[in-house]
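First comes one chain, alone, set out as C-alpha cells in the form predicted alone.
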C-alpha cells in the first residue's frame, strides 16, 4: 500500500456551518479599534483592502464557499483568481475566531484543495512551481544538490555521517540565492556561537513543500511527507531547528503527530541562549528599527517574544513596534503563492508595510522569515535585516 501521511483529511463541507452562518459583520476587514490609534493602519486584509470588493475579503470568500458547495454556480476563472489572491496570512481568522468561532483562513485553504481536485485551480502561474517541486524537489527549479553546495566547506557536520543533537533544516529559500546564502552563513555562525551541537542534511535535504500545500495540492505535498519524516527520524536528532517559518509550520502542524521530534525556530534557540548568557553580543548595532512579525511565525506558530528577546541583546538598537504588530501584524505579501499570481498585489502589500515602518519612525526593518526578507528587499526603499544577520554583525 502506498505510504502517505496526513492529519485527518478535511473537506470544505466540514466547515459548512462556518460559511452558512457568517453574518458579514466586517470584523475580517479591520483591526480591533482598541489595538490601533490611526485609521490609516486599521486595515487587515491585503487583497480586500487593495481591490475593495466584498468577494476579496474573507466574508466574500466564505460566500463563494457556500455557493460552490450548495451547487448555486460553477467556479470560473475569476473565482480562482479571487481565492488565490489571499496570502493565507490568517489575520481574518485572528479577528473572527475569538468572537464568532469561524475559520475563514482554513476555508480558503480548503477551497483551494477543492479547486485542485476539480481542476479549476491552481492558477497557470503556479503550475511551473508545482512541476519544479515535483521534478527537482524545490520550488525554484534549481538542480538537486544546491543545498549541499550552500553549506559545503563551512565546517558543518553532515548529520547522516556524524551524529548531532540537533538537525538544522536549511530550507530552500536561504540556499537558493547568493543573498540568501549570506543570511544562511549568519544563522550557522549564530548557532555555533550559542554552543549548539548541530548538523545538516546537505545534499540530502528535501523540500518541505509548503508552497505546494499553500496552493492546494495536498496530494503532491503528502507524496513526499512520509519520506521526509522517516529521513528526519533516521538522523537520531533530538530536535529540528529551522530559520524558515514556513518549514516550521509544516513540520509542527502537518508532520507533528507523526514526527515526534520537537521543532524550533532559530529565534527560540537564540532567545534561550541570550537568557542563559551563552550568547553575549559585544558590538553595538546602532539603528532605529521596526520588527515585523511574519504571519507564519506569529499567527500560525504563535512565536512573538523570542525574536524580540534575541534583539534585546543588541546594544545600540532602538527597537520600535509597528502599529499593527504581534497577532495584528500586516502581511509582507509573499505568502499563499500571491507573488507568482499577482505580483502587483504582493508589491503593494510590502509597500504598505514599509509606509507603516516609516510612520513609526523606523529607518530599518527587521524580520525573521526569508520570504518576508525577500519581499521587502525587492521594494528597495528601506534597508532590511534578518534577526540572525544583525546578531552575527554584533559578535
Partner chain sequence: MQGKDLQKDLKERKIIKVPVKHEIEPTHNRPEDLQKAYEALKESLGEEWVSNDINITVAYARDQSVTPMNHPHIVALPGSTDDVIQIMKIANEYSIDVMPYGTGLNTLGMTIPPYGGILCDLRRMDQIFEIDEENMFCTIGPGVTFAQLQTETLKRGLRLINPSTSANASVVSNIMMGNISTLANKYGVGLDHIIGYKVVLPEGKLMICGPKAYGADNAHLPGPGPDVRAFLRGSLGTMGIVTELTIRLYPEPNEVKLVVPIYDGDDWSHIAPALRAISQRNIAIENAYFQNTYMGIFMGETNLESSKLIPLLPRHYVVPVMGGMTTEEVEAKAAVSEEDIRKVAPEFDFMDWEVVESISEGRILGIDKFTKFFRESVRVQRVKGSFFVGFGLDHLDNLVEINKQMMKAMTTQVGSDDNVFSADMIATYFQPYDMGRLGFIEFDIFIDQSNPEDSLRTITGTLAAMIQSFKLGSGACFGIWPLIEGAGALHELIGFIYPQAGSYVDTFRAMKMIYDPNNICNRRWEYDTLRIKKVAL
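In this text the structure is predicted, and so the values were computed from the model without any measurement. Numbering follows the first chain given and starts at 1.
One more form of this protein should be noted, the form predicted together with its partner chain, which is absent from this view; the next part is about it.
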Open item on the list: So if I measure heavy atom distances to its partner chain in the predicted bound form, which of the stretches 364-372, 51-59, 351-359, 330-338 falls within 4.5 Å?
Closed with: 51-59
- [ ] Consider the chain as shown here, without its partner, and state which of 76, 278, 312, 192 has a heavy atom within 4.5 Å of its partner chain in the predicted bound form.
- [x] 76
- [ ] Have a look at 134, 179, 219, 72 for me and say which one sits with a heavy atom within 4.5 Å of its partner chain in the predicted bound form.
- [x] 72
- [ ] Verify the flagged residues 183, 201 and 231 against its partner chain in the predicted bound form: is each one within 4.5 Å by a non-hydrogen atom?
- [x] no
Open item on the list: Is residue 101 part of the interface with its partner chain in the predicted bound form - any heavy atom within 4.5 Å?
Closed with: yes
TODO: Report whether the minimum heavy atom distance between residue 342 and its partner chain in the predicted bound form is within 4.5 Å.
DONE: no
Open item on the list: Considering non-hydrogen atoms and a 4.5 Å limit, does its partner chain approach residue 381 in the predicted bound form?
Closed with: no
- [ ] Using a 4.5 Å heavy atom cut-off, state whether residue 19 contacts its partner chain in the predicted bound form.
- [x] yes
